[in-house]
Structures are given as C-alpha cells and as structure tokens.
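Below, in structure tokens: the form predicted on its own, a single chain.
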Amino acid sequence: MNARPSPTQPCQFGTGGDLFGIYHAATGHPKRAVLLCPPLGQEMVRSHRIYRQLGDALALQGCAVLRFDYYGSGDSAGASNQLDWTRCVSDAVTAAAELRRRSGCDRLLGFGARLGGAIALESADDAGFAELLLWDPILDGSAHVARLDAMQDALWRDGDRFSQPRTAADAANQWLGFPIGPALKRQLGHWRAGPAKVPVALLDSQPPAPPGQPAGALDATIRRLQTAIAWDDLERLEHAVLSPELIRAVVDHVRGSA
C-alpha cells in the first residue's frame, strides 16, 4: 500500500492573519522544508493544481511544505488591485518564518514558478533560503510587462472569445482578467534579476534563452525539461499547467539536497 501524506492544514498568519496558506506536514520529523512561492495572476490559477501536487509529493519524501497566497491574491486578504511587488517579497519572507515555526526546520529551500521564481529570488536573503529551485522564472520584469501587455491587447480584441466587442476602456488596468494597479506595473518594469547569494537551480521548459538573458548572472545550474509549457499561449489560457516531469525533477532535487 502506498504511503499517504499527512493531511494538509489550512492556516492564517502574518500581521492580523492577513495571509492564507496550506501547510503540508511530513510524516514524523521533517528532514527539510520547502516554501512554494506562487506566480501571479493567470499563471497562479493555472499552476494551482501542480503546486498542490508538489506539496503532497514532497510531504511523502519527509519534507514540510508551505504554499501560500500573497496579500491581494488568492485567499489572502486584500483586493486584486492592491497586489504590490514589494509586499509580495515581504510576504514570502513572512511565509518562510511561518514555515520554520511550524516545521522546526531551519534549512529552507525556496521554490517558485514564473514571477513566483522572481519573488523567491528577490526574497532569498531576508527569507534565509539555503538554496533556490526556480521553474521558468521571470528574470526581466520589463520584458514580462511588455509580454503581458501584448497578451492583454490580443485578448480583448479576440472576437472568438467575446460575443460582443470590448472597448479598450473595458480591458484597461488588467492583465488577462486580473486587475492590476499602476504601482505593480511600474515596480515590475524596473525589476531585473541580479546575482544570487545562494545556490540556484533552474528547471527550464522554455526554448533556449537569447544572448543577454540575465540567467547567467544567477550562476545557476540548469536542468532542461522535455515537457514544454505554453505559458504565453492565449489558446491555453484556461488550461491548468500539468507536468509530471516537473514534479519528479523537484522531488529528485530536494531528495538529493543536503
């Protein structure tokens, strides 16, 4: 009979309990702990299932895991247009402290996909991550803003998706159905990945990066995944991102880490 992970534990933490998380408790004393930093917006929705699967898979390996929502996202407090880059980074630091408190583990690994990877990277020093494992992370905020703007522009003009034409005003101040404030867009536009002070491993399911992509500044090891993920395909906007290969790669990496 296959072992089953311990039941997940919903929790509220942070100032006034304004952050919501799900704690995956390992059976027995956890060997290590992993903080799962989610992406933002549509990518957060699309990757929700795989984050839950990751939590369960890692708990089976004796890891304590916390997945959580930033202020202004998911089930945490705050409106969507209050989502703020600096607050997201601060929330990751708060979540890391909560994971340490609950698990008793001092050595934490930070995992993040897309902007979750960028947040894990930006918070690594204050969160005290021993290492980072990043899946298709956003490393250039300005390029990501331009990409989301282009996708939003194509989305609201899509006559096959909307039965009635939408105006530019209808689709203003949002990315793919999620309201955004001007502060977040400005903050992301000025962010670019810099060197990390901890070991970084990249799980890459995208085409090779063009010359000049700042991944080299991270001094990261890269593992190429065979399963390509179409993050920017509007035709798959409502499809969950699923990748058994990614789950195996994360579990293998965490199992092999000291």
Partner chain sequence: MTTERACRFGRAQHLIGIIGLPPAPAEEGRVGIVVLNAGMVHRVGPFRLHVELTRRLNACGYPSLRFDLSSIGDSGASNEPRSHEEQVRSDVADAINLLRQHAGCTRVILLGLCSGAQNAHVAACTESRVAGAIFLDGYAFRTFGFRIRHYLPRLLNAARWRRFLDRRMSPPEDDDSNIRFGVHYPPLSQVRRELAGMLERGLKLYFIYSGGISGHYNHPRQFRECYGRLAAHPGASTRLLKQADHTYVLETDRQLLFDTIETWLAGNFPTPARSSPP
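Residue numbers count along the first chain shown, from 1. Given the structure is predicted, the values throughout are model-derived calculations rather than measurements.
Although it is not shown, the form predicted together with the partner chain is what the next lines describe.
4.5 Å heavy atom contact, L237 to the partner chain in the predicted bound form: L237: yes, in contact with the partner chain in the predicted bound form.
Quick check on E245: any heavy atom within 4.5 Å of the partner chain in the predicted bound form? Close contact is absent here: in the predicted bound form, E245 is far from the partner chain, nothing within 4.5 Å, heavy atoms only.
My question is simply whether Q164 lines the interface with the partner chain in the predicted bound form - judged by any non-hydrogen atom within 4.5 Å. Contact with the partner chain, yes.
Answer yes if any heavy atom of S90 is within 4.5 Å of a heavy atom of the partner chain in the predicted bound form; otherwise answer no. It does not: once the partner chain is placed as it appears in the predicted bound form, S90 has no heavy atom within 4.5 Å of it.
Looking at heavy atoms inside 4.5 Å, which stretch does the partner chain contact in the predicted bound form, given the options 45-53, 28-36, 220-228, 199-207? After filtering at 4.5 Å, what remains is 45-53.
Residues A96, L108 and Q187 all lining the partner chain in the predicted bound form, heavy atom within 4.5 Å: No, none of A96, L108 and Q187 comes within 4.5 Å of the partner chain in the predicted bound form.
Scan 157-195 and note down the residues that get a heavy atom within 4.5 Å of the partner chain in the predicted bound form; none is a fine answer too. Contacting residues: R161, F162, S163, Q164, R166, D170, A171, Q174, L176, G177, F178, P179.
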